[in-house]
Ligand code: NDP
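Below, in structure tokens: the form predicted alone, a single chain.
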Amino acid sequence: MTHVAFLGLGAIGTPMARHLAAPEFTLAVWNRTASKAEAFGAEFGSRVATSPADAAKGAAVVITCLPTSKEVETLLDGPDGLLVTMARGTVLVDCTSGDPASSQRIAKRLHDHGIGFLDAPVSGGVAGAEIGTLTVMVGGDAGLLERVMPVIDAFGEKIIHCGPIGAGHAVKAVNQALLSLHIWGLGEGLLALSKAGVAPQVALDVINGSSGRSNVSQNLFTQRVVGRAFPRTFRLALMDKDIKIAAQLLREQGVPSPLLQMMTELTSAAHRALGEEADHVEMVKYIEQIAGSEIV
């Protein structure tokens, strides 16, 4: 059996960790809100760790799934930090939607201690995490990925090696920027069509049978905007963070990006207006507020 430590039992992390509570693994879990880890341990029989260091004790693979790279870095140091107990040869797999520069810095520190690192953010939402069909985009050494593939394969369906350290986080950030663009653009379009007398579902039926279709139009808007039900599956606050990472990446690479830079400002404005707990698709509500009209 492979001993795995899972740190971060949030909306995505919890169902991911459930797939590792399986006979082929021994699992230790840790969460900043201890009650979540205790509830998980009680349900699945996993060891509940008292600290990141305690969780990583004896682990061959340590998985982090936290809001930002900053939180991952803070887990490394101190008497309860990962570097206290992670043995040489351990691999840290960071499933956080982080930033490439931080990934490279973390990887360098771990390498100096003989510890491997892969940035491996995921896509597919809570639904994909629940059924184990996440897309996992991985940056780092291909041989290291091969070593930990049985662990990642437990919660991922499409596992793609994207390139060197930071590549996974770079791809995830650009993907999230495109998601934000699709939501905003479709929101504007549907609002205009609604005011022109076209029912939203009729408009989506046409778009989804035509060249303007996307996952946003085929799934998110059909399920949520038309029915005015906005389940909290991925916070707008986190998408705001992700698109800022993408915008920074484009600037660093010298790529002219007026559209994505503007989208950064619009996403941040929606985040400020709707608050920390709003779902990402609720960005449509901000468009409606600006226009003084709803998509009906």
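Sequential numbering from 1, following the sequence displayed. Every value quoted in this text rests on a predicted model; they were computed, and no experiment measured them.
What comes next is about the form predicted in complex with this ligand, which does not appear here.
With the partner omitted here, the residue from 36, 244, 57, 47 that has a non-hydrogen atom within 4.5 angstroms of this ligand in the predicted bound form is 36. Put simply, residue 238 is close to this ligand in the predicted bound form: some heavy atom of it is within 4.5 Å. Though the partner is left out of this view, residue 251 does not reach within 4.5 Å of this ligand in the predicted bound form, counting heavy atoms only.
Using a 4.5 Å cutoff between non-hydrogen atoms, residue 22 does not count as a contact of this ligand in the predicted bound form. Using a 4.5 Å cutoff between non-hydrogen atoms, residue 234 counts as a contact of this ligand in the predicted bound form. Stretch-level contact analysis of 84 to 92, 124 to 132, 195 to 203, 141 to 149 against this ligand in the predicted bound form, using heavy atoms and a 4.5 Å limit, identifies 124 to 132. Three-residue candidate spot 180, 267 and 278; no residue lies within 4.5 angstroms of this ligand in the predicted bound form by any non-hydrogen atom.
Of the residues in 1 to 39, those that come within 4.5 Å of this ligand in the predicted bound form through at least one heavy atom are, in sequence order, 8, 9, 10, 11, 12, 13, 30, 31, 32, 33, 36.
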